[in-house]
Ligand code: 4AD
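Just the one chain here, the form predicted alone, laid out as structure tokens.
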Amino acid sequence: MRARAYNQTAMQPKAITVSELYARFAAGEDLTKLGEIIVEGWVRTNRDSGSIGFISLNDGSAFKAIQIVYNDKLTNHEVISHLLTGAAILAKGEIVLTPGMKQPFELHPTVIEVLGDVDPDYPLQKKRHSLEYLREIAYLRPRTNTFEALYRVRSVLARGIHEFFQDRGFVYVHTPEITANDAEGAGQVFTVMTPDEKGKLSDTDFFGRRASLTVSGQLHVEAFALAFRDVYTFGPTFRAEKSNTPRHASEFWMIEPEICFADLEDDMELMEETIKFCIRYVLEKCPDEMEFFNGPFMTPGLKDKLNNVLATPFRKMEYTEGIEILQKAVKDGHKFENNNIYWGMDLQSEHERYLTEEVVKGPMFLINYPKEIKAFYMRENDDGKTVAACDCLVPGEGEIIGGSQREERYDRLKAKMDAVGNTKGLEWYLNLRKYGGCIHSGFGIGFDRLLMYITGITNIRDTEPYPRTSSALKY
């Protein structure tokens, strides 16, 4: 990262980031030869014993902090010794190496300047706060270790998603957030309301028809796949579900690739490759953050779980076989919250986790679901009962990806759409099957849930910077 000048005077040395200091140290540079430097950041902790004090300074550029060791010779020692957690400061001094200590180097300052003091009622203190408490002050929680690590991983993971698809020749498509279709046919959408000429709210006045926030970019991105072959969309989606669970949110981000001349087998191959790339990318790019998440106060064993996914080929299991296994488990005495297992049911998380954790003991694809419980656009299999759909299940989470081969046969798709009652307004989607259509497939990954899985965070309200859930709208 380029160093920023603190002011415009020629005599003032440039500020240097903590991340740059650690990078240069790791590269073998002798930091003591830098001479006088400036660091800027926020006080995480401040301990003063009278003649000597220790400030842990975080500047946001790295998960690691730098220790500033000051003494009573500072002209403003009385002020500095009483600095509270959260204060913004500038420190000017020289680096001193500390081999064998917890940190390899520290800063001995000649000047510490307070850039922004903090009031005594600052909600963050030098102690562990519960995640529930921090959700109530979401605008401050990025300053804590947990959320600094989490949101840095979120940023890196987003970059990795784009690198993965761009490096493989995929075209990135921006699909609309306001739409006239609900994609899945579930009807759980947020309607866009606008005032008419008299100020009365209307859901049809502005666009001339009912509009809603998108639940998926899939239908729109399919049209681009039939021009560019391999495409993806990655953006916010919305569901008006009043599901007050740790895995549901009203606004979340979705990764949705679409590939042409590809069947379900090709789709699953891409899914496995995507998941493994994302895990490997975060482990490589965020070693400090992932070590923190793997630690005793977070999710011990997290890295072992992720490395197991990397090392394990994903197994495939028919939905019908999965149902038979679950029925046998109930017969043998296993207790699910829902023990009523039957062919045609939509499996719940506990059933998915049993299959992936207890039976397969690794990642897996559950394939060929009953057509009645899947979306209209999925390709019907020759048995007339199932569709070429799959869910990717992983230990510790259950479903993490859902995908399918799309129905490319015009007559079959039209019949399904007529039965569902969504043909009107989606004629363009149906026409894709008439105008040079081909076999194509795709899938969707909930980005926030993927982040939960990789970091071990158990509530989607924490992986989202400003979560949107039913009956809760802050910030």
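Everything numeric here is computed off the predicted structure, so don't read it as measured data. Numbers follow the displayed sequence, beginning with 1.
Only in words, not in the display: the form predicted in complex with this ligand, which the text now covers.
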If we take heavy atoms and a 4.5 Å cut-off, which stretch out of 275-283, 116-124, 160-168, 395-403 is in contact with this ligand in the model of the complex?
395-403
Since exactly one of R315, R247, H129, R135 fits, which has a heavy atom within 4.5 Å of this ligand in the model of the complex?
R247
Go through L326, M254, L83, L366 and name the one with a heavy atom inside 4.5 Å of this ligand in the model of the complex.
M254
With a 4.5 Å heavy atom cut-off, would you call F63 a contact of this ligand in the model of the complex?
no
G53, heavy atom within 4.5 angstroms of this ligand in the model of the complex:
no
Contact label in the model of the complex: S216 to this ligand, heavy atom within 4.5 Å
yes
At the 4.5 Å heavy atom threshold, is R239 in contact with this ligand in the model of the complex?
yes
Do heavy atoms from each of Y377, F443 and R449 fall within 4.5 Å of this ligand in the model of the complex?
yes
